[in-house]
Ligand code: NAD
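One chain comes next, on its own, written as structure tokens: the form predicted on its own.
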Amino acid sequence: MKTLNTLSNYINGEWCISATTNYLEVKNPATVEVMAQVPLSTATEVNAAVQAAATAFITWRRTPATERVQYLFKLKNLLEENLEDLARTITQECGKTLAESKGEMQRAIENVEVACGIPIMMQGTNSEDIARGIDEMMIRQPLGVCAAICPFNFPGMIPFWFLPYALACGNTYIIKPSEKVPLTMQKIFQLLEKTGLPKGVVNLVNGAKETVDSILDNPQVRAISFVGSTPVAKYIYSRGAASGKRMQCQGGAKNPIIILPDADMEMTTRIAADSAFGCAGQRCLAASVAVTVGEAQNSFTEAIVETAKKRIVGNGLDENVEMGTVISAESQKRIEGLIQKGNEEGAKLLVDGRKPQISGYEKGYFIRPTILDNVNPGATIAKTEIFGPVLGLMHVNTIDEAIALVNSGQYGNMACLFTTSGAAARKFRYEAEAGNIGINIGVAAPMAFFPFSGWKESFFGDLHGQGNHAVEFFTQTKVVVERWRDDWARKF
């Protein structure tokens, strides 16, 4: 691995110093140490990457699927061999714990494994004699140049919701990592380089909004994947779709978990705390609102408060730390402002995680677990994606009221129920309006062979990342109707 200082782009199989004069500092959010400078690449550099990918596509699409997946097998082995190093890099630039970073990379590897099944997953269909002497078939073909615009919270995993499937299907690819966490993808591209992939098949372009807009506007880019906040997802979806691109844009979330009185309260509390406070709440499947039903109010409230107070916060590389930092000083300030807003709007602060003093890391971007009780469903804190370690509590009398609360929200990423009743579980999974449902699960993250779903303003598009949805997204179907008369064969 080369020394990371001023980061490079990777275009047409070469590491390239950006021509830009604009750079951002990449900081360790626990120590506030500057680790590198990331370039804000220009439209010219984006266009160079697109052209390289377009040229490579001509040969790559003709490479048999069984040969394309050999590069993914090599990549899987390289990711496993370098998992520890990649996980440490994620923790250093993103702030989560080392265990969380290792789990993230394992999810990335699982997507590579699934994409290796593309010779079967990409198969079409056929029917003989749809009319006398006429056969019909449907085949899948790659789109061309595709791209991903990635978020800061999972720099190692989220690109792999898309990249391995795109390559396996015969597309060429461009990744624009978050300018806040570009180091992980630098290392992953160094591993991609070791697989021997042909030049131009994969490309890396660092940058911010100008870079993104150049990707969105380039007519040779056929499909774009995005994960981020809902306002940005709407912008990217609308601008990309307006130029005729295939789009999949994962937006924000406000994930509710429902606790029934019959739930196993010890298990529920532990899982709910891991969901709300894991990765410092900076994930699109973090529990943000806990809705207790009936008698569950007192027991759950007491238990979750004690659990939140005991959670160990610090540098994610330190042993025994259970929660790390938020990503930046700006994020820290925004989250603390929302906590204050919730308190002003009538919610009671049961646990206040603002302005913690973490010994040895006094300048770090830390917020301890925070719990707000009796949150009004109409309050700002109830409707805003906080993206931090903050859990709001609401209380209702029946499961029907709880489901109505779930369905009244603008988002539909995840909703979870804690119960020992199969009937209640079936009712919830049938009626809850969310794309990912958990039953006694706090983070309903689909395995790589299922799509990462999302409804309402949590997703814009038709086909999600991962699994068969990814294969459909990265291919276009072609229907062929053939007639071959019997007498044409007689001359042979």
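Note that residue numbering follows the sequence shown and begins at 1. Keep in mind that what you see is a predicted model, and the values were worked out from it rather than measured.
There is another form of the same protein, the form predicted together with this ligand; it is not shown, and what comes next is about it.
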Tell me which of 104-112, 155-163, 375-383, 127-135 has residues with heavy atoms within 4.5 angstroms of this ligand in the model of the complex? 155-163
Counting any non-hydrogen atom inside 4.5 Å, which residue from Thr97, Thr292, Asn413, Thr268 sits next to this ligand in the model of the complex? Asn413
Checked Ile335, Val227, Ala263, Val202 for heavy atoms within 4.5 Å of this ligand in the model of the complex; positive is Val227
Report yes if any heavy atom of Ala147 sits within 4.5 Å of a heavy atom of this ligand in the model of the complex; otherwise report no. no
Classify Ile236 as contacting or not contacting this ligand in the model of the complex by the rule of any non-hydrogen atom within 4.5 angstroms, answering yes or no. yes
Interface membership of Cys284, this ligand in the model of the complex, 4.5 Å heavy atom rule: yes
Answer yes if any heavy atom of Pro142 is within 4.5 Å of a heavy atom of this ligand in the model of the complex; otherwise answer no. no
Out of 236-261, which residues reach within 4.5 Å of this ligand in the model of the complex, heavy atoms considered? Ile236, Gln250, Gly251, Gly252, Ala253
